[in-house]
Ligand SMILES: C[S@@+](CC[C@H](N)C(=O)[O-])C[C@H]1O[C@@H](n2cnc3c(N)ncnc32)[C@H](O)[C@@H]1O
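Next comes just one chain, in structure tokens: the form predicted alone.
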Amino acid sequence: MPSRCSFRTKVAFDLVVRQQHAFCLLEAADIAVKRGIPRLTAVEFGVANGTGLMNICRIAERVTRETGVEFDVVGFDTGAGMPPPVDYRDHPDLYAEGDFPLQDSGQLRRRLPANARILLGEVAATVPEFLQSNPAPIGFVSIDLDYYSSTKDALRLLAAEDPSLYLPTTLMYVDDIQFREHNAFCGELLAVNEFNQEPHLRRITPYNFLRKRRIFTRALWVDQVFVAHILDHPARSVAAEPATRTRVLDNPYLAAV
């Protein structure tokens, strides 16, 4: 009888429900292990009825068993569904006021593990409050807010003064970019592009060559994984490992007769 495959193998073969969460949480934990960070924060913007948040909690538990890195899980939501769209940038052709409400926050909170919580309210207010609460370094951020305006407010999460509040490369999942109507001039992608134009040392880019590294290269979620590069992080100003010798590249052509 074949032995059960490991959690890492399941993640590699996209066998964990919501593969994007599994990949990002495991990747973040592996980075934390290398940096000696024992605990991370995982954030979801756009909780709705909590399916994604509970999924993150369950996967985080499995990642902890695999890596030893523990997680605090934080969900941000208005609790009342989406606010009115501001203008065309919020895709009123796709989303409307009141969509995706959190119907029973009390029940969801009772079902969450002790390391998870929900912050209700407009993210423009709850994000600054959260940043002042001295959280564990942020390793993963899931953006599922649909609107440009809400996402723009949510990305203030990545603009804290202290760069050690993040992993030097913080994993991100940007959910609402896959439909034909989505584009770089509306919605979540516009918010990301404007964030990248601001005068700070934080930049959000697609995860380089991730599709080529995956076993199932046609999975759609791969194009929704991004990396927040914390360019002012102390780790990006020093060598990753102490230099014990000068690195030299071999040239086999010089030895050829």
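This structure is a prediction, so every number in the text was calculated from the model and none was measured. Residue numbers run from 1 along the displayed sequence.
One more form of this protein should be noted, the form predicted together with the named molecule, which is absent from this view; the next part is about it.
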- Task: Using a 4.5 Å heavy atom cut-off, indicate which stretch of 193-201, 33-41, 48-56, 224-232 touches the named molecule in the model of the complex.
- Result: 48-56
- Message: Can you tell me whether Phe100 touches the named molecule? I mean in the model of the complex, with a 4.5 angstroms heavy atom cut-off.
- Response: yes
- Query: Is the gap between Pro135 and the named molecule in the model of the complex 4.5 Å or less for some heavy atom pair?
  - Reply: no
- Considering only heavy atoms, tell me if Glu122 and the named molecule come within 4.5 Å of each other in the model of the complex. yes
- Query: Does the named molecule come within 4.5 Å of any heavy atom of Ser150 in the model of the complex?
  - Reply: yes
- Item | in the model of the complex, the one of Cys186, Leu112, Met82, Ile118 near the named molecule [non-hydrogen atom within 4.5 angstroms] | Met82
- Message: For the stretch 144-180, I need every residue with any heavy atom inside 4.5 Å of the named molecule in the model of the complex, listed N to C.
- Response: Asp144, Leu145, Asp146, Ser150
